[in-house]
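First, one chain by itself in structure tokens, the form predicted on its own.
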Amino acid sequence: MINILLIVFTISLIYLAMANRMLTYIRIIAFQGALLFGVAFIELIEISLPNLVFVLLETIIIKAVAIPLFIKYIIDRNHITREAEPYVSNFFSVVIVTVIILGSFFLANAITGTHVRKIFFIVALSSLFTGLYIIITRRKILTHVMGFLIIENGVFVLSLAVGSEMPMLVNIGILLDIFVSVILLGIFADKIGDVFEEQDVEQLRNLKD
């Protein structure tokens, strides 16, 4: 079951590459949060109950609900256009993300460590590099935030790849990372919206000291 959830997560990365609408990005982020909830529940079922509850609440409330709603609020607040406006066509984006996934597969197979769950490693690397690709190839500032969230999801999966236990300290670090990054970038995007009509990263060239 856990392999199916991770495979669906990987497919969602391909779907993300062909998405043009901002609301589609938000739905994918929420969907990935729900998938990670299922993965965490199955993988960490044997850890202590308080730690398990913390991880599950972190994934379902923060990743799947709070962050998508927060980003949607920023979009509505600043009247951002619904288009993500990528630099690269959808076809090439799908090809590149597919290559990323295949490259992650071959890289994971080259690892000989017995303590690393390869399917977790494949999904984690795919998510990390896809997030970077989204950041590089999208014009909107908020799509850069979403790219960062994809990277963070990859970090979360990678933490599950090295064992069946996730210390509370790691969870607090991940949660703090989400809060600080999204809130700061959200405030940044909100203020940029007061200056520019469109949140295109190219408009940042007009900012001066």
Partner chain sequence: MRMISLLLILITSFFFTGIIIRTKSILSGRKGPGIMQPMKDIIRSLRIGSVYSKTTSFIFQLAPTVYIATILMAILFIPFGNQRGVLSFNGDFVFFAYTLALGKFFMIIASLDTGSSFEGMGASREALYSMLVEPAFFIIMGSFSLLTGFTSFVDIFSAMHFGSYVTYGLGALAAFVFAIIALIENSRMPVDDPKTHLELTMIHEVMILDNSGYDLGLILYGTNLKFAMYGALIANFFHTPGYEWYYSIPIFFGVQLAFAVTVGVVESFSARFRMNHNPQFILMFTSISLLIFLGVLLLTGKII
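Predicted model only: the values in this text are computed from it and were never measured. Residue numbers count along the first chain shown, from 1.
What follows is about the form predicted in complex with its partner chain, which we do not show.
Heavy atoms of F105 reach within 4.5 Å of its partner chain in the predicted complex, making it an interface residue. For the chain shown alone, Y87 is not a contact residue for its partner chain in the predicted complex, no non-hydrogen atom being within 4.5 angstroms. Contact annotation: I122 falls within 4.5 Å of its partner chain in the predicted complex, judged by heavy atom distances. With a 4.5 Å cutoff on heavy atoms, I101 counts as touching its partner chain in the predicted complex. In the predicted complex, the residues of 6-29 lying within 4.5 Å of its partner chain by at least one heavy atom are, in order, I7, T10, I11, I14, Y15, M18, N20.
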